[in-house]
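This document starts with one chain, in the form predicted alone, laid out as structure tokens.
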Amino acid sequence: MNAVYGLFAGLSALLLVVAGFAVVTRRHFAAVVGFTAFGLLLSLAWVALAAPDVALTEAAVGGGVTGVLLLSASVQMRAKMEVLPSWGVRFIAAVLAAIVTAGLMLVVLMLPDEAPTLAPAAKESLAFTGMGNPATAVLMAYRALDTMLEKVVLLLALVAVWSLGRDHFWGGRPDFDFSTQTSGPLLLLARVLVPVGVLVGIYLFWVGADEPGGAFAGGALIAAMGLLAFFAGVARPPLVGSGWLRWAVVAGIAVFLIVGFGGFWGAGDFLAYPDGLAKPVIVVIEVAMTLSIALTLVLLVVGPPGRRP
């Protein structure tokens, strides 16, 4: 047990060091690398806390797609903005962060020894969903509205990114095309890894009903494979004016709303599932969400349209 505690302590210390480096470094690229490394280390911390679902999502989003998105923003900032925030602004930000941290610590320390919880009652009712993974069952039953609103936030973020494009480029492709390579390790990696990665992403989505995984982890991995194909030049981002693309992006929210309002007719309440049909209905929602999440994350990274249709 001492070795385990030592490993946890070392991981915690490393997290603090990497987080501090990402905050205090004056170079944009170094900060992005530090943030990405922090996301990967944090996924290990979630594994140590026996939360594999959160660890998968953190590794795919925090250490993967978000890192690529920040790297792209860093390249653009390097060319357009060399002025860093003043020390006064940094000091105020540090003080506010310290206040939030202290507040969170007080909340945790002031909890009663036996905190009141509805976990046992909730666990007994999860059998109704037919889902073997309690994390997925909670997200799609007790927190179904929150889960749907998370997809709405992703869609609003994509709309915000698209709104940055110039009017005469609207409906065209993002300016993210890379020259097609005839050889090289990146091209080989894209041709070998992308098909395997897409299959693993589909597996993560499918197994999420009963094991760690789910729509977000699977969708994020599929999005990463799409970005790898774009970077290698074996594929091009789609036209943002394509009808199929728009429908695919909103598919997750649309299916969620259809099921939600159908709950009034089939189960007597919004986002309620009919008896005996909860698991297949949830799987249908997760299929649409996986598609929407993958496409939305890819489109967030490639940016607004920058070429004429």
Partner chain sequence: MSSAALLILVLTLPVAGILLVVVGGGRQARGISLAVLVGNFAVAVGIGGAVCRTGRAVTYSSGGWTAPLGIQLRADGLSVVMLITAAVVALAVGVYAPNEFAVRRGGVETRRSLAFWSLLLAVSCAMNAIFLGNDFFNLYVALELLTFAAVPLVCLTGTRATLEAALRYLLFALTGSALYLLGVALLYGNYGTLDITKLSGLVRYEPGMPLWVAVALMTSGLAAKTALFPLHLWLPPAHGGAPPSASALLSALVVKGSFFLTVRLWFDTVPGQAGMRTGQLLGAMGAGAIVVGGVLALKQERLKLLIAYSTVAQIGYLFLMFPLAGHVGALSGGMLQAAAHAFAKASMFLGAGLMAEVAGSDRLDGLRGMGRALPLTTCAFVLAALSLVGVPPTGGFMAKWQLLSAAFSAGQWWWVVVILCGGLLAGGYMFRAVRPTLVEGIQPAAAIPRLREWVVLALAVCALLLGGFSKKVLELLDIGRPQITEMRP
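In this text the structure is predicted, and so the values were computed from the model without any measurement. Positions refer to the first chain, counted from 1.
What comes next is about the form predicted in complex with its partner chain, which is not displayed.
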Does the 4.5 Å heavy atom contact test between residue 165 and its partner chain in the model of the complex come out positive? yes
Whether residue 206 contacts its partner chain in the model of the complex should be assessed with a 4.5 Å heavy atom distance threshold; does it? no
Is residue 284 close enough to its partner chain in the model of the complex to count, meaning some heavy atom within 4.5 Å? no
Would residue 235 count as touching its partner chain in the model of the complex under a 4.5 Å heavy atom rule? no
Taking its partner chain in the model of the complex, which residues of 220-252 have any heavy atom within 4.5 Å of it? 246, 247, 250
